[in-house]
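So this first bit is one chain, no partners, the form predicted on its own, shown in structure tokens.
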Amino acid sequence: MEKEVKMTLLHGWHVDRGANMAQFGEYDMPLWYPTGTKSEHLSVLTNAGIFDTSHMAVVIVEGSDSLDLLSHCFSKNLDACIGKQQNPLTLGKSVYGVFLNDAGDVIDDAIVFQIDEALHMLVVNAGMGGAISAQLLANVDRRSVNIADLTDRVGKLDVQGPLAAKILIKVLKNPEAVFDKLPYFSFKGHFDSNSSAAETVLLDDDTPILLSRTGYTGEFGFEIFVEPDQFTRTWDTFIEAGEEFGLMACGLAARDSLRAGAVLPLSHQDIGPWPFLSNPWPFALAYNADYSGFTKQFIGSEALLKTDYCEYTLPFAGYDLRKVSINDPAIVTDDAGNQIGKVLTCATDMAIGRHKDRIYSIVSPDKPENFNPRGLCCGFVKTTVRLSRGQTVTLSDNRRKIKVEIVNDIRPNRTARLALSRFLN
């Protein structure tokens, strides 16, 4: 039996604005608006974009043993995961990692937020709240912990782009205090007014929110969590406040092209039911200093250390905006025409282009004069041979063949990690 297609609370808003809708992760979601994917993508680089991300799932892990349970189930060492000094996860900090099964395959990726010492919030992908809750429940044992799957019970929106902070200034009750000491992957507040969170963040209308310096675009911005009965009004508040800054509603197509250019994986596509190894995201695991082992044991860690997995997930960038369809399907061949793998993601980052031997972004401070990129295809391939940076391969579907280059990074001069103060002037 097919699952019923779900709708976010903003479904009517999207339809009324002429959004092209399609099913994604059990939800009917906007792919793009009449403005078009290119305009939406570029807006996040130059002004700001707003995304309805309330299809994402939230899981609450609460109790005196919540940290211990997460340490067992989650791939990061929560006692050594923050900053260059690898400090413990503390109040107001968050960290990215993965949940694996016993074979070391990915169930889902997630961000863990520590709201207080006995309260953690997990943000996982659409439709995955039940699966992650089930894995946690299966490993509770005698730990003192409660798990709540809040799927469809939290409103979430993202405001991403260089003008995001200026938009927040217009809607926050006390922006100076909120923005003080809010680096990348930190957060303040909680969307639950009854929470024991140490700090409250309020909008001008006294709506409590959780405001996080995170996102899925590679660019400066925020994720905002709010109670569902406040969500539509909160969205409208941001839309109105952002009008003077060129804020543009963005769909999943721009979200996909932005994250691909930022070398961020799509769960169940770029990572999935195969060992989480030989990919661009080793930082999601609790490796020791020389990558010979892990600093703790977690579900799947033993399998990862023992496996002889020999497939490699690699980023690539093309030479023009043409792309192939991963559903065609698309294969990877070497210079001799031998099939060596498949394409996991192929998107077009419309903000980048090549000049001589280098990729520039429209916001690169040293971009060539009159630089006006048409965009480059980019994404990830999974191959059976190890390829090096600078090697070229051919991607083929049933329509076309394109040559691409294996790279370490794709869109340069991304802004997500920059100090918030740089965006306030």
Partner chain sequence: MKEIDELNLPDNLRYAKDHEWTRLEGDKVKIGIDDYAQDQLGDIVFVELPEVGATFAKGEEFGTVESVKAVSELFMPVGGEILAINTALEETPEHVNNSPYEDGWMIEIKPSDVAEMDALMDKEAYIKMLKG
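Note that the coordinates shown come from a computational prediction; the quantities given were computed from them, not determined experimentally. Numbering follows the first chain given and starts at 1.
The form predicted in complex with the partner chain is left out here; the points below concern that form.
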Problem - Triplet Met21, Lys38 and Met350 all within 4.5 Å of the partner chain in the predicted bound form via a heavy atom - result: yes
Problem - Partner-contacting position among Tyr27, Tyr360, Phe380, Trp32 - heavy atom within 4.5 Å of the partner chain in the predicted bound form - result: Trp32
Fill in the blank from the handout: With the partner omitted here, the residue among Leu321, Ile239, Leu202, Ala131 that in the predicted bound form has a heavy atom within 4.5 Å of the partner chain is Leu321
Completion exercise
Of the candidate stretches 321-329, 272-280, 291-299, 258-266, the one with residues having heavy atoms within 4.5 Å of the partner chain in the predicted bound form is 321-329
Handout entry: Arg386, heavy atom within 4.5 angstroms of the partner chain in the predicted bound form
Key = no
Fill in the blank from the handout: Across 358-389, the residues having a non-hydrogen atom within 4.5 Å of the partner chain in the predicted bound form turn out to be Arg374
